[in-house]
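The chain below stands alone and is given in structure tokens; this is the form predicted alone.
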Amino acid sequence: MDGILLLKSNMSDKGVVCLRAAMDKETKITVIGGGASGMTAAIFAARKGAKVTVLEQLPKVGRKILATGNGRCNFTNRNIDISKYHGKKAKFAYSVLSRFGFLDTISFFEDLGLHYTEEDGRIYPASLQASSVLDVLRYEMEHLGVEEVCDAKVDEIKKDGRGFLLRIKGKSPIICDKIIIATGGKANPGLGSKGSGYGLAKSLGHKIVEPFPSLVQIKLEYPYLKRMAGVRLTGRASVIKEGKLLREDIGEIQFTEYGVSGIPILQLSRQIGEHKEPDVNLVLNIDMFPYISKEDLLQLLIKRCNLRKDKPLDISFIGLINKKLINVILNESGITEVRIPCSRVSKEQLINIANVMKSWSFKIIGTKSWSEAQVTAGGVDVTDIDNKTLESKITQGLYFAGEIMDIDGDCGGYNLQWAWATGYSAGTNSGV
């Protein structure tokens, strides 16, 4: 293997130390994880003159990149801001993002040959193909002499003097001067994120903030979910804990047989993971008409009833809301006789309907699993990581990049921006 020493599996650790003395002075860096942050770290470390090898446990690098943005890869966002990032110590992200922000990302990819297009601040490759992002990264690694080693699962890391010894399942051990752990979290394990990096980090002295799924669908307890499945509406979704608003977001919401999905729902899912204690009462509140007041909505309902007083009440809602929701909304408002003529509907009943449409409440029972999650909340505690270099404060020569750390972003390109930014810092500083 070019630039990295392979050792026979039966060789003793003492032999490894002896062979290290024969190695040249060139810095050898092993990046564990061939995702977005790992490949970026490899590129910047190689640009500093280091000999870099990327170890990926899957047959190919970058599989998760291909799945982002529905295959289009929303790779950053014009509105990068610290408020879009979360974790026990979310302010840690500020230093990293200030060193490699939106314009740096655009410049980096344009230099690689990638042009972009924009939708509401979300940035996509001009080709609208996630494969374009992966292809330019892989070409740059190849151009810089970075070696990819796939089907390589690291089972153990040992500090070896000033460097490291890595034991790899089914392969010969490796020694190197520095390590960048960029293994991701646990979200979407089919694409390689299985939490393997947590054990490696713990073995080197680091604490782990308990991970949980984020940017994931929400599960509800409600008797009419099957009837409502497939309905989409533009509304405001809010997560409420014992009467206190935790977070809200506006956009397209989709009802499913298990609960709700859609970008606003994904944005709220982190709050559910943070408050998952069994005795905590969490409620999802949906405002079906977020852009008008309750009073204006009531006047609209009154107008529709007066327009054709002979119409049955349920029929009068056709054209205003999805037909699947009409009887559910009326029942939720306390109206069981849905065929009542509009002329017999009282103002009090219309007030009740308006109240439900503006504040429809559902009991939250959790979120979908890791296999549906887009990102991991939690991870390696950033308290013991230098926020300028991303080097461990505990183990010299150990660096972190990407989702493995206890920082996660909102939906919309923020997590990939974190990957590029952390890859830059870890790669640049380790390569020195």
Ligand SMILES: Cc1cc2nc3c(=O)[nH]c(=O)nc-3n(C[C@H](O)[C@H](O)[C@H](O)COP(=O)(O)OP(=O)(O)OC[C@H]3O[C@@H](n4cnc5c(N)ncnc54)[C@H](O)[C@@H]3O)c2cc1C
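Quick note: we count residues from 1 along the sequence shown, nothing fancier. For clarity, every value in this text was computed on a predicted model and none was experimentally measured.
The same protein also has a form predicted in complex with this ligand, omitted here; what follows describes it.
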property: Non-hydrogen atom contact Leu191 with this ligand in the predicted bound form at 4.5 angstroms; result: yes
property: 4.5 Å heavy atom contact, Glu56 to this ligand in the predicted bound form; result: yes
property: This ligand contact at Ser196 in the predicted bound form, heavy atom, 4.5 Å; result: yes
property: Exercise: Pro213 in contact with this ligand in the predicted bound form, heavy atom 4.5 Å; result: no
property: Partner-proximal stretch of 360-368, 383-391, 44-52, 61-69 relative to this ligand in the predicted bound form, 4.5 angstroms, heavy atom; result: 61-69
property: Candidate spot Gly38, Val154 and Gln374, all three touching this ligand in the predicted bound form (heavy atom, 4.5 Å); result: yes
